[in-house]
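For reference, the chain that follows is the form predicted alone, supplied as structure tokens.
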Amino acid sequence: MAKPVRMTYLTAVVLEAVASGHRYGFDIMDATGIPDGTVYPCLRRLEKAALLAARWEDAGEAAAKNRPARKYYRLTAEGTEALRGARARFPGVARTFASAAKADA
């Protein structure tokens, strides 16, 4: 059984980042400005709570790109439901990522 996660602003931001297409730790850090010492523990908690599922990139693929293998995250069905609640509780989070996507376009 998955351990419940308290929905904090940080949790909402990380879930929204993953939902917005930021799939691995450094990409999430770049998108959010949250440091690694905060992002990675949050990702582990969300994975343990079954709100995120993760898979490691093939080591050969990473080596061909001359970098370490990445751990890619995606929202689970439970994570999608949690994100809905997070968006209701913290409406500015979704708007921030929507604004950032428009700025990148």
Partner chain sequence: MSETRPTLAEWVARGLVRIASRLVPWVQRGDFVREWEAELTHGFDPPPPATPPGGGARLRLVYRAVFATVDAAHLRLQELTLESMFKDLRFAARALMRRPAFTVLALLTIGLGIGANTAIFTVVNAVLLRPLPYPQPNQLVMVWEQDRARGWDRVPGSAEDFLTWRGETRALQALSGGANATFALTDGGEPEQVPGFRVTSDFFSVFGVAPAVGSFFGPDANVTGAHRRVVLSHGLWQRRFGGDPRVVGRTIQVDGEGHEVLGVMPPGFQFPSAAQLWAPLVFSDAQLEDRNWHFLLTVGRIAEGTTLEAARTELTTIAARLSQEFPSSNEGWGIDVRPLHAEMTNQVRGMLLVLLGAVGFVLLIACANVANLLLVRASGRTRELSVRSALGAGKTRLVQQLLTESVLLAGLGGALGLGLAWLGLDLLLSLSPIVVPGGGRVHIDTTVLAATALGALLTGVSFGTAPAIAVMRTDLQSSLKDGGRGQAGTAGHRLRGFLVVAEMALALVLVTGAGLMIQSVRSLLDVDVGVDNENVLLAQFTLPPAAYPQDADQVLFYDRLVERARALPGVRDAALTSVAPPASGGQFHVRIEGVHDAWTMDLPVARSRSVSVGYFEAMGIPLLRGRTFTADDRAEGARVAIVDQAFADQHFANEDPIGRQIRTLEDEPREIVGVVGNVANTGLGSDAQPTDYLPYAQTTFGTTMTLAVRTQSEAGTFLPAVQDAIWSLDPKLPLVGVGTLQDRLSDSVAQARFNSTLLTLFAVLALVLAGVGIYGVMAYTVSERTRELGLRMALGASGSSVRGLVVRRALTLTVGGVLMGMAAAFWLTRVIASFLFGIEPTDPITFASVAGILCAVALLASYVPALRASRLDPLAALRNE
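Numbering follows the first chain given and starts at 1. Every value quoted in this text rests on a predicted model; they were computed, and no experiment measured them.
The next section is about a form of this same protein that is not shown, the form predicted in complex with its partner chain.
Evaluate A64 for contact with its partner chain in the predicted bound form, applying a 4.5 angstroms cut-off between non-hydrogen atoms, and reply yes or no.
A64 belongs to the contact set for its partner chain.
Give a yes or no for E78: in the predicted bound form, does one of its heavy atoms lie within 4.5 Å of a heavy atom belonging to its partner chain?
Judged by the heavy-atom cut-off of 4.5 Å, E78 is well away from its partner chain in the predicted bound form.
Is there any non-hydrogen atom of P68 lying within 4.5 Å of its partner chain in the predicted bound form?
Judged by the heavy-atom cut-off of 4.5 Å, P68 is in contact with its partner chain in the predicted bound form.
Contact test in the predicted bound form: A50 vs its partner chain, heavy atoms, 4.5 Å
Judged by the heavy-atom cut-off of 4.5 Å, A50 is well away from its partner chain in the predicted bound form.
Could you pull out the residues of 6-41 that have any heavy atom within 4.5 Å of its partner chain in the predicted bound form?
Stretch hits, in order: Y24, G25, F26, D27, M29, D30, D36, G37, Y40, P41.
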